[in-house]
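Only one chain is given next, in structure tokens, and it is the form predicted alone.
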Amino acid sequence: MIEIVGASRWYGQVIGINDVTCSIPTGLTALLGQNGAGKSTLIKLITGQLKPTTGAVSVFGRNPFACSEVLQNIGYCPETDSFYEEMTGRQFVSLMARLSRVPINDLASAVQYALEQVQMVERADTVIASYSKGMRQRIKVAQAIVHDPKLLILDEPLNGLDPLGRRQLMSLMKDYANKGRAIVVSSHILYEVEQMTQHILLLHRGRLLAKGDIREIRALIDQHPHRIRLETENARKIGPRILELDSVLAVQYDRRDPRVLELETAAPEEFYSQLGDLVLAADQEVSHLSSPDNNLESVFGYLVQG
């Protein structure tokens, strides 16, 4: 659905993206990268807002720049807000639907359906100026899907949403992907991406650093000691038991909090499978378990070092 061949975009002496080649099929693809990695530039090339300085971008087999036939089949949710604040949510989604050529006879039902999909029916007739960040995100998604596009581009769509809102939006994106649509989601939060899709494009300093199945990227992480943070009733009591496990390389206690320890393992899956029995044997409750390596910054760090 999307083909990018040797595409570069320069802003004077500043690199937006540099020699990127990839294809994006139907289904859900996550576009990952830190701030300044080139995600927004790539999105603007795909949505026809920019021309590549060199190379080519093709969407539905055509150049998307200033091509109305391509653009009317794209739904775009930008990261930044740009609303008519005095409008209600329903008025705004209706306006964007008309700009996307939704037939007038279908307008009301299309708008209502989009509002239902993002759980904004109850607040749809209040002015956008009164909306919270989460409600603004929902309305932006509503206007992106109101014309039932074949390609959906969402730039950091989960920002500002509460946990329930994030789950609802991720479910919506999965449903669209299962209908044979193409969805590109930009994000910098790895654990949220893992809940949505296994297919990623990983940008770093304007270059495409990695692409494909996210499990391949995680495999690269697991070549390094994997850090896991654990919070329990008494870290020093359970720590020696953890250190006895073959999968654990080291244990470090938090001097400021006696409940917290951090361990290193070269076999995280093995450790997780052993943890339940260990906790039962130690007769301690684990109140929190997380991994400092479960974020995009760590992924980039390992890849760049490698």
Partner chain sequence: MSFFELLSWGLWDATRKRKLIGAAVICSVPVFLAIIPHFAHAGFNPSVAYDTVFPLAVQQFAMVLLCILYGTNAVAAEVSGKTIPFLLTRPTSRVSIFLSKWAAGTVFSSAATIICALLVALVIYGPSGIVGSPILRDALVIPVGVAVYMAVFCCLSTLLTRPSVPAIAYVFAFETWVWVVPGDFIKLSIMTYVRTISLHSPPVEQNGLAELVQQMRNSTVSMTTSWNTLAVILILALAIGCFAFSRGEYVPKEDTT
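Residue numbers count along the first chain shown, from 1. Please read these numbers as outputs of a predicted model, since none were measured by experiment.
Below, we turn to the form predicted together with its partner chain, even though it does not appear here.
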Q | Among 179 to 187, 202 to 210, 227 to 235, 75 to 83, the region lying within 4.5 Å of its partner chain in the model of the complex by heavy atom distance | A | 75 to 83
Q) Since exactly one of 272, 60, 253, 65 fits, which has a heavy atom within 4.5 Å of its partner chain in the model of the complex? A) 65
Q | Touches its partner chain in the model of the complex: residue 197 (any heavy atom, 4.5 Å) | A | no
Q.
Using a 4.5 angstroms cut-off on non-hydrogen atoms, would residue 44 count as touching its partner chain in the model of the complex?
A. yes
Q: Using a 4.5 Å heavy atom cut-off, state whether residue 143 contacts its partner chain in the model of the complex.
A: yes
Q) Quick one: does residue 100 come within 4.5 Å of its partner chain in the model of the complex, counting heavy atoms only? A) yes
Q. Which residues from 236 to 272 come close to its partner chain in the model of the complex, meaning a heavy atom within 4.5 Å?
A. none
